[in-house]
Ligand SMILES: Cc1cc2nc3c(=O)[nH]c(=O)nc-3n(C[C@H](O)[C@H](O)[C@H](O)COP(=O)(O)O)c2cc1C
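Only one chain is shown below, in structure tokens, and it's the form predicted alone.
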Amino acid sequence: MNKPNIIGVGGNPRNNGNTDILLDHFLMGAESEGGNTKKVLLRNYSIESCIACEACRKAGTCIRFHDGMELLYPEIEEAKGIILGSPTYNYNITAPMKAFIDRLYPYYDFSDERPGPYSSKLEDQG
């Protein structure tokens, strides 16, 4: 049986902060249950903010920016689970985590009507 790939995405801009420690513990738990894990620290990637051009709705991937997300999209598609970790800055997630989440927009399938129902292209990952 193949071990599921689990990605831990850390949004802490500071090295070795509490969120990094918590993310390590979550990934250790996933490994102890038989998962293959990978830790991704957003501070090591340059990720542009989404500009809502919606070209990704037709293309299935972001075609506007050629940045760190191009490296992460294949990892996300192979994963059976994603763990997100972010400290709270000014009562919200960090800017790198917000950019990462916004750039997951290509994985949504929308109906033609607006606003309408939507689903995820990754929902059958297991």
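Source: prediction; values computed, not measured. Residue indices: 1-based, along the sequence shown.
Below: the form predicted in complex with the named molecule, not depicted.
Note on the interface: of 44 to 52, 83 to 91, 31 to 39, 61 to 69, the segment with non-hydrogen atoms within 4.5 angstroms of the named molecule in the model of the complex is 83 to 91.
Using a 4.5 angstroms limit between non-hydrogen atoms, residue 114 is distant from the named molecule in the model of the complex. Put simply, residue 25 is far from the named molecule in the model of the complex: not one heavy atom of it is within 4.5 Å.
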